[in-house]
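As structure tokens, one chain now follows by itself in the form predicted on its own.
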């Protein structure tokens, strides 16, 4: 993780650094991006949403645990990891947010983050200020209801991943992790059978609760069985049914 120098601060809404107004209609994800759809609505109230877009270089921190977070964030491109300090004062990766997905929400009352968000690769992020969004929800209850459905869906996806990896051997966890990434990318209209794996082996190991060496050995074993093909950071799932069988322990 890159360490920010004293003069470099985590990005804040309203700062000039890397900040520009988003053009949602020109984004390839606007059809599946909740704030993008809202901002593109022809109704007058939605025009006040004020989505802002920023570029977060690889290794840079968006916000740290304990800091106030005044926006919720959607990933336009790239990948963001969310980490949480454990009881042993070590950071554990608890989530990877992909393009079209939302970073974990924080309590809008105190706006204090319990996690640290870091770009694992150069990423574009869209920010929506809670104040503007709350005003919009008050004027349009239907938008508030859709947002609640989005949060529920995100929770269901998180539980699905836990089901894939809970109480399983390392090889089964890796297989489930790759299938989960593939499924999430396909939901966003991306070719899910072949994709770039932005996160490194250490981050994957932290996320899945295994050793980094175990991640490397598991990738090698899945490649040996010709279930996946790995070239640098690109992964191709060549036999999805067989890979799912590994995940299921069959």
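If you're wondering where the values come from, they're calculated on a predicted model, not measured in any experiment. Positions refer to the first chain, counted from 1.
What follows is about the form predicted together with the DNA, which we do not show.
Among the residues 211, 193, 188, 64, the one placing a heavy atom within 4.5 Å of the DNA in the model of the complex is 211. The partner is absent here; in the model of the complex, the one residue of 85, 146, 169, 160 having a heavy atom within 4.5 Å of the DNA is 169.
Taken together, 200, 216 and 220 are fully in contact with the DNA in the model of the complex: each brings a heavy atom within 4.5 Å. Proximity of residue 226 to the DNA in the model of the complex falls outside the 4.5 Å heavy atom cutoff. Look at 120-128, 169-177, 134-142, 67-75: in the model of the complex, residues with non-hydrogen atoms within 4.5 angstroms of the DNA sit in 169-177.
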